[in-house]
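Only one chain is included here, represented as structure tokens and corresponding to the form predicted on its own.
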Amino acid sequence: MNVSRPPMGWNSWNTFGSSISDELIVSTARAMKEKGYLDAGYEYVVIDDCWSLRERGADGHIVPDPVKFPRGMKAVADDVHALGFKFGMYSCAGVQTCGGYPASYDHEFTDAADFAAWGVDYLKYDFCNFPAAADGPNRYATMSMALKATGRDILFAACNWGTDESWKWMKSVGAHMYRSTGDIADNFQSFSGIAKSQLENFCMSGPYGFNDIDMLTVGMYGKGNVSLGKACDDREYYTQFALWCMLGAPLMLGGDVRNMRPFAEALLQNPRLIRIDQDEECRPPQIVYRGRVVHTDENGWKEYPDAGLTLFKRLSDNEFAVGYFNFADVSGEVPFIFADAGLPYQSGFGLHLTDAADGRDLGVHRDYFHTKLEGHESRVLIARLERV
């Protein structure tokens, strides 16, 4: 299985929760193809929790809900595959899923064999209702082994929310991506806090083991299963997507792609931002600035500690990406001094900058390039070395 770059796809949970069905999954896959998401790289269509009956069958197998999925899971997988996508499902390392449905504790090999027989290409593996006496890393290793035993290539998306510092061991037990935080909500405080909590841990993220900071809420606008507090606006959605791309996190969509607003749809398919996330070298970003933002107005100035962040990411083909982020509620300047990325003035080189949002050429700059941002705003630039 080739998981050399952060996985991209769509997951049903953020918007639909338990309100899932055969028709929803297939219509979503069809819309993703028609609207260009497949061509942009989003290849997985994943059903999350609440897809089964509340009890296992008499033979010990999990039974798909015949009302939600009357044709069974194999038929859904076949339709998703026929549209050019890969098909994903959900289970849990505990005795029940987070929604209270049968999970895979002590059923790992049985469930993995069923998933393979249905044509599953991706398994999200959660951590609810896990026995206190059990060993988490061992149970993730067990499901990893069960998936291997099926003989089918199945991406293992481990989701233990960062318990036991998952970034230190999940890759070694076979996870291709691993959740490192609690669940995301559709508000600025949630996604920004999640991203900032993992800045120092992305150095351990890379091919065949990517740090997963949860599904995106871009384009939800307060509608759906994870709406909590004040929903994000377009500026904040750009910041969320920019953070995920600069960090090299998996890009799993959580909005209703069948009815996405034009801004969100264009953002999620922005080729310059996706290229940063999917760069073949998969390098984590360097933190070149993390500090205060100073807001100045007619009343003077006020300092906002730890509200500014500048990330510098080395890409293939001798290119770079620079991400500026203002986490304050008010405007302020976020700096980038080139020497902090290894390019001092005396080098004789500058950076030729292009705005990733719209492809606008910003010319060649030397020594520094600071940018003023509104509250919760971000900016991403593509850079190339140029002798000056």
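These numbers were taken from a predicted model, which means no experiment stands behind them. Numbers for residues come from their place in the sequence shown, where the first is 1.
The protein also exists as the form predicted together with a small molecule; that form is not presented, and the subsequent description refers to it.
> Decide whether residue 98 counts as a contact residue for the small molecule in the predicted bound form under a heavy atom distance cut-off of 4.5 Å.
Close contact exists here: in the predicted bound form, residue 98 approaches the small molecule to within 4.5 Å, heavy atoms only.
> Within 4.5 Å, heavy atoms only: does residue 10 come near the small molecule in the predicted bound form?
Taking the distances in the predicted bound form, the answer for residue 10 is no, it never comes within 4.5 Å of the small molecule.
> With the partner left out of view, is residue 121 within 4.5 angstroms of the small molecule in the predicted bound form by any non-hydrogen atom?
Because no heavy atom of residue 121 falls inside 4.5 Å of the small molecule in the predicted bound form, the answer is no.
> When the contact criterion is heavy atoms within 4.5 Å, does residue 176 count as touching the small molecule in the predicted bound form?
Result no; residue 176 lies far from the small molecule in the predicted bound form.
> Between 208, 109, 161, 169, only one gets a heavy atom within 4.5 angstroms of the small molecule in the predicted bound form; which residue is that?
Looking at the other structure, the residue within range turns out to be 161.
> Could you check which residue among 303, 135, 183, 153 gets a heavy atom within 4.5 Å of the small molecule in the predicted bound form?
Contact check passes for 183.
> Looking at 260-268, 123-131, 282-290, 77-85, which lies within 4.5 angstroms of the small molecule in the predicted bound form, counting heavy atoms?
Looking at the other structure, the answer is 123-131.
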